[in-house]
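Shown next as structure tokens: one chain only, the form predicted on its own.
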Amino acid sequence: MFKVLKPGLQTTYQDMGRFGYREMGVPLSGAMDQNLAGFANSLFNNQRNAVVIEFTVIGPLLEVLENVEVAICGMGLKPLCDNQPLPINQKVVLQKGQQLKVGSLGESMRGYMAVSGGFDVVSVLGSCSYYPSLSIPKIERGSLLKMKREKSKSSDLNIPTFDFDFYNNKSIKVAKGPEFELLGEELKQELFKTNFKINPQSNRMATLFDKGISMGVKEIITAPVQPGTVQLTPSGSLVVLMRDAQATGGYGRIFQLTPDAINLLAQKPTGLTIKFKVF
């Protein structure tokens, strides 16, 4: 168990998402980078859907309330335990009374903390993923992060590997969306040539970009959208919907990100530029 001394910038409970309720307007939610969250769970032989802690840009400061084995996973992380460097992307043992400081994430946007069996939190509509309008507990100063008492049967015989080099890609792979063919040829070429700079206003609902393109596309009759849908507004702005995206939208759906591309974009920091590439 941990006590939250400082929650960081955005620290939440996440699993792999909430399915079957989008017709009621309930987002899928779930870990923004599901590959990395799944890797964190795999270090303990947890089920892929076990609850992890997701932290964004700046991680939490925690007090350890009991001896525990934990894994802090991400790129460029420099966590500290009682002001001493702590290894990342592997299991480590923490002792009761110690303080764990995740701190700045450096070169990435999101990291994950996993424990054996996952964290113990209420499930709402089949998922423990935090979403503001649902009754999943918010992680804030003074919160207790409890672990499930049914531990996974962990083993060090098959240590999982993970391709962190994947995150060096600056091209985001997409499929053509339903409204792509409404665009003129010149506009299509502009979409693939432009470097799009990620705007600081991006969040779990959508990734926004500073630079638009020269032309937009007319609004459409409200239609289904999902995480990874790329919308083009009439003004020429691009919006990439992410895990907390709404269920429908009225902007042209010009691209759809691949599942891996969503994970990749979720780790790209604000200010970085990306290009779209049809696979």
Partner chain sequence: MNEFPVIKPFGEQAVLLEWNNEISFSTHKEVMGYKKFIDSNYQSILIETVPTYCSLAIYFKDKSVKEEFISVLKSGILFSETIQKKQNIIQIPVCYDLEFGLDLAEMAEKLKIAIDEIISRHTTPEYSVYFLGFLPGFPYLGGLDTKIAFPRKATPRQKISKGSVGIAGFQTGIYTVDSPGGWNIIGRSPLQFFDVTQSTPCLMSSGDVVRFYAISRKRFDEISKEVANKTYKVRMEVRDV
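All values derive from a computational prediction rather than experimental measurement. Positions refer to the first chain, counted from 1.
Separately, the form predicted in complex with its partner chain exists; it is not shown, and the next lines address it.
Judged by heavy atoms within 4.5 Å of its partner chain in the predicted complex, the contact stretch among the candidates 111 to 119, 92 to 100, 186 to 194, 132 to 140 is 132 to 140. In the predicted complex, its partner chain sits beyond 4.5 Å of every heavy atom of M242.
Using a 4.5 angstroms limit between non-hydrogen atoms, Q256 touches its partner chain in the predicted complex. Interface membership of G126, defined by any non-hydrogen atom within 4.5 Å of its partner chain in the predicted complex, is ruled out. Interface membership of S214, defined by any non-hydrogen atom within 4.5 Å of its partner chain in the predicted complex, is ruled out. Only one of the listed residues (G106, P87, P178, P160) places a non-hydrogen atom within 4.5 angstroms of its partner chain in the predicted complex, and that residue is P178. Checking L43, V225, L238, A50 for any heavy atom within 4.5 Å of its partner chain in the predicted complex turns up a single hit: V225. Residues F19, G20, Y21, R22, E23, M24, G25, V26, L28 are the members of 18 to 45 with a non-hydrogen atom no more than 4.5 angstroms from its partner chain in the predicted complex.
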